[in-house]
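Taking the form predicted on its own, here's one chain by itself in structure tokens.
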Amino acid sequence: MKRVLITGAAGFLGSHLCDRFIAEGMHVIGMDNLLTGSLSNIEHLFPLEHFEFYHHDVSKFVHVPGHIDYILHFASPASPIDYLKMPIQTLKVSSLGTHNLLGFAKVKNARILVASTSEVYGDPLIHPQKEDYWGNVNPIGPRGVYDEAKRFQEAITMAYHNFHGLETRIVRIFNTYGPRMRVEDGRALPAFFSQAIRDEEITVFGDGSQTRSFCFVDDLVEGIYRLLMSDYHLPVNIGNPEEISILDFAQEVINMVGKGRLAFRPLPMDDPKQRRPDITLAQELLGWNPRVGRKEGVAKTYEYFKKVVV
């Protein structure tokens, strides 16, 4: 039986990946320090024979007995509210943590996929963003702790591939949403839903003209799985290219929930003005396209938030 280690397993994306690899008939080892993850996301897996969990910080030495075939490194705070509160941990998990896991992959002769991000493009000067764009990042700005950590993660992953011949994969994830997002995540969708459900002001930063491209989590997981199983070692964008302004998205949430009122706040420093992936490479290389439209995906996510927002 194939064995896969998934770091950040109790987080939003990590928990959905655990589900997918269990469904693929693999033995899944989840690892998380629960800094931003929650055991409630994976508690349904604990009774299963082929799931085990390690409460561990990957910034420290990583060891799991037995053979490992695949490693997916998804441990990291991923929203501005988190990495602004935890800048050192954010830097460490994508630098020291990635170094530890690459060394572990080398020892185990395992293939490793690391979760990079659209944030490596910073506040982009080209649109849409393609993998050969080097980005426009402020290394000392408030978002630099996340952006530069992920850029270093990509660099050290490529170094291990080139120097040690390690089998590596790099996915650049664009805005993703779906069930199990944290209510207090701080990103647009959970913020808008929780505020609307509570009949609070819907906080829009700037004039709301900045754009994002939202991908449903099931589509993202499919793209990640295909990339892991491919033979391609350079970065690949995975995201939904359907672009929408934050203001229009807030209005969609208000219309769906049936209540809410807009409140405008100053735009945070270095907040990207446009975010849209060029997914040509994923289409050609992986045969991947997002299948869940925003209307369907947001409706499914709303059903989840209705249960968890108090």
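It should be emphasised that the depicted structure is a prediction, and the values quoted were computed from it without experimental measurement. A residue's number is simply how far along the shown sequence it sits, counting from 1.
Although it is not shown, the form predicted in complex with a small molecule is what the next lines describe.
**Prompt:** Using a 4.5 Å cut on heavy atoms, which of Pro235, Pro179, Gly144, Pro80 is close to the small molecule in the model of the complex?
**Reply:** The residue in contact is Pro80.
**Prompt:** Using a 4.5 Å cut on heavy atoms, which of Arg226, Lys108, His161, Arg212 is close to the small molecule in the model of the complex?
**Reply:** It is Arg212.
**Item:** One stretch from 45 to 53, 25 to 33, 62 to 70, 268 to 276 that, in the model of the complex, holds residues within 4.5 Å of the small molecule by heavy atom
**Value:** Careful reading of the contacts points to 268 to 276.
**Item:** Contact label in the model of the complex: Thr203 to the small molecule, heavy atom within 4.5 Å
**Value:** Residue-level check for Thr203: yes, a contact with the small molecule.
**Message:** Can you tell me if Ile246 lies within 4.5 angstroms of the small molecule in the model of the complex, counting non-hydrogen atoms only?
**Reply:** Output for Ile246 is yes: heavy atoms within 4.5 Å of the small molecule.
**Request:** Spell out, yes or no, whether the shortest heavy atom distance between Phe192 and the small molecule in the model of the complex is within 4.5 Å.
**Result:** Yes, Phe192 is a contact residue.
**Prompt:** Does the small molecule come within 4.5 Å of any heavy atom of Arg187 in the model of the complex?
**Reply:** Yes, Arg187 lies within 4.5 Å of the small molecule in the model of the complex.
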